[in-house]
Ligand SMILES: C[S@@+](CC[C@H](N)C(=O)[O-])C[C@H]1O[C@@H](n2cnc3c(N)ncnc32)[C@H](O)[C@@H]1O
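A single chain, nothing else alongside it, follows as structure tokens in the form predicted on its own.
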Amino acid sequence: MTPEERGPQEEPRPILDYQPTSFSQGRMDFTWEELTEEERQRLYALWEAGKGLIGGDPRRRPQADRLPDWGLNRRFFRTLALDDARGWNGARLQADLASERPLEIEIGFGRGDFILDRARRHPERLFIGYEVRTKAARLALQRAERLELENLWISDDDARFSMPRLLPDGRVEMVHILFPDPWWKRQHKVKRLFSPPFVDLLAAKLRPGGILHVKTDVEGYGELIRYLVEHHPGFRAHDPRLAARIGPHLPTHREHWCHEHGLPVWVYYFERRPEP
């Protein structure tokens, strides 16, 4: 597999400055093996038990049905607090989801460079960004408000918990997962985003013809993702030509750093198959 070939791009419109960071290349010794049936069943059991959710199961948190005061009457949500009557958040989000606007989701948006740019380029679409780090979610929300974006919702929920409860099947046009954490340590593998039940979830929420868009700078993790997605009956094989349907976009901070340091990025595009 070859790194991404960057074709001609529309001149990006700056939203955030790509300031120097403490990024490092990290480990490149990511290894994996094809899953046995026993391992698949174990992963499904862990999923059903709510294991691996970042921050733990939200249902066990105190006042999980209430929004934080700083999030009231802003385009911020938590899935268990959609009925919090102190703010308009839940009603407006549900009204947006009931519309026919194409929906794009980014899981783990970090600083928000990519999704803020997407939302500004495509005001006719609806966007949801998930980032489990609450501080990063608040910063992205502030930036969205400065840009006066009315089509972007932010959440600090774990998408694996939120999406099954929030979204109707077939509602999503595109899912972007850019530089997910590989969770290197053996005891942390349960936190790894990509697993058979997660790919099931993506297949359920993407509409037929929808796109799963993934980038990583860890080749081995990219190979695992490709294996899991391409072995799922709901997805077609990786097809670089699907990049044209996404179009020009700003890189994430991590991708910008990789390009600045001459490091490869592996990119995958998977199309949701039509229902049989």
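A residue's number is simply how far along the shown sequence it sits, counting from 1. Everything numeric here is computed off the predicted structure, so don't read it as measured data.
Keep in mind that the form predicted in complex with the named molecule is not shown, yet the notes after this line are about it.
Contact with the named molecule in the model of the complex, defined as a heavy atom within 4.5 Å, holds for exactly one of 224, 211, 54, 250, namely 54.
In summary, among the residues 201, 166, 81, 193, the only one with a non-hydrogen atom within 4.5 Å of the named molecule in the model of the complex is 193. Stretch 101-109 is the answer when you ask which of 137-145, 87-95, 101-109, 117-125 has residues with heavy atoms within 4.5 Å of the named molecule in the model of the complex.
Interface residue remark: residue 160 is counted as part of the site for the named molecule in the model of the complex, having a heavy atom within 4.5 Å.
In the model of the complex, residue 77 stays away from the named molecule, with no heavy atom inside 4.5 Å. At the 4.5 Å threshold, heavy atoms of residue 178 reach the named molecule in the model of the complex.
Mapping the unseen interface onto this chain, residue 130 counts among the residues with a heavy atom inside 4.5 Å of the named molecule in the model of the complex.
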